[in-house]
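Just the one chain here, laid out as structure tokens, in the form predicted on its own.
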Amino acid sequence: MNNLRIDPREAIIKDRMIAVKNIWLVSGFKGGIGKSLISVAVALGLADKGRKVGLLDLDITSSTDHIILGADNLYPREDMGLLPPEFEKIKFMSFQFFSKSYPLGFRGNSISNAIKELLCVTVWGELDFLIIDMPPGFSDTTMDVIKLFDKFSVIAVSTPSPLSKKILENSVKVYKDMKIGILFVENMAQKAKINSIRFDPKIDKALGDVKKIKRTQFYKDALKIVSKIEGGGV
């Protein structure tokens, strides 16, 4: 007897993504390194360049993209699925719309199933770029998510910390083995370097206000990453 089980949701998700030209997963491999800030900044930068952009917050146990954006009182509209609300020219989807900031006590397979359900019902339409803020770490959930997309690239975020860099070095081996394109970004850098975003003490006070975010050095450095992504990135 063949015990192979096929999840029909995976075919639905691929169909939902058919008009999405480029998918970028923003992976941090550990928490507290600015992965969500970079996800938001990249999405904002691409939208300002006239690109059709989607932003998906898949960090379901600790969603923060809506806080960074100041995106309050939003909710998807139903039309043959869920249409992400638009905020600052970005189609934005987050589990926060459903959890209302209450902690979600999901574990293991429950997280993967929740992500699949969200991707099944979300109608993105035509996008030039979909930026996905991934859960931290490299777990079964991450492996389940990357199997859902036929083609994607990765923004791999670290900080100058030796621990952060070591974790990143170990984690990206999986992507390299899969021949996935990777753009390495060092956040909180002490000086300007290739693919780095300098430490900016003003960014915390700008959170929740897109206009203020766009005036920070953090955002200006992130725009260099945006240009790299537009050009292929890896």
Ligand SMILES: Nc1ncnc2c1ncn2[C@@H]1O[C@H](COP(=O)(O)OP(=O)(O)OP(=O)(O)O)[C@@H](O)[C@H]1O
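Computed from a predicted model, the values in this text were never measured in an experiment. Each residue number is its position in the shown sequence, starting from 1.
Below, we turn to the form predicted together with the named molecule, even though it does not appear here.
Proximity of L46 to the named molecule in the predicted bound form: non-hydrogen atoms within 4.5 Å are absent; the residue sits far from the partner. At a distance threshold of 4.5 angstroms between non-hydrogen atoms, A41 is out of contact with the named molecule in the predicted bound form. Interface membership of R198, defined by any non-hydrogen atom within 4.5 Å of the named molecule in the predicted bound form, is confirmed. Proximity of S171 to the named molecule in the predicted bound form: non-hydrogen atoms within 4.5 Å are absent; the residue sits far from the partner.
Interface residue among L37, L56, V185, V53 relative to the named molecule in the predicted bound form, by the heavy atom within 4.5 Å criterion: L37. In the predicted bound form, P136 is the single residue of 113-147 with at least one heavy atom within 4.5 Å of the named molecule.
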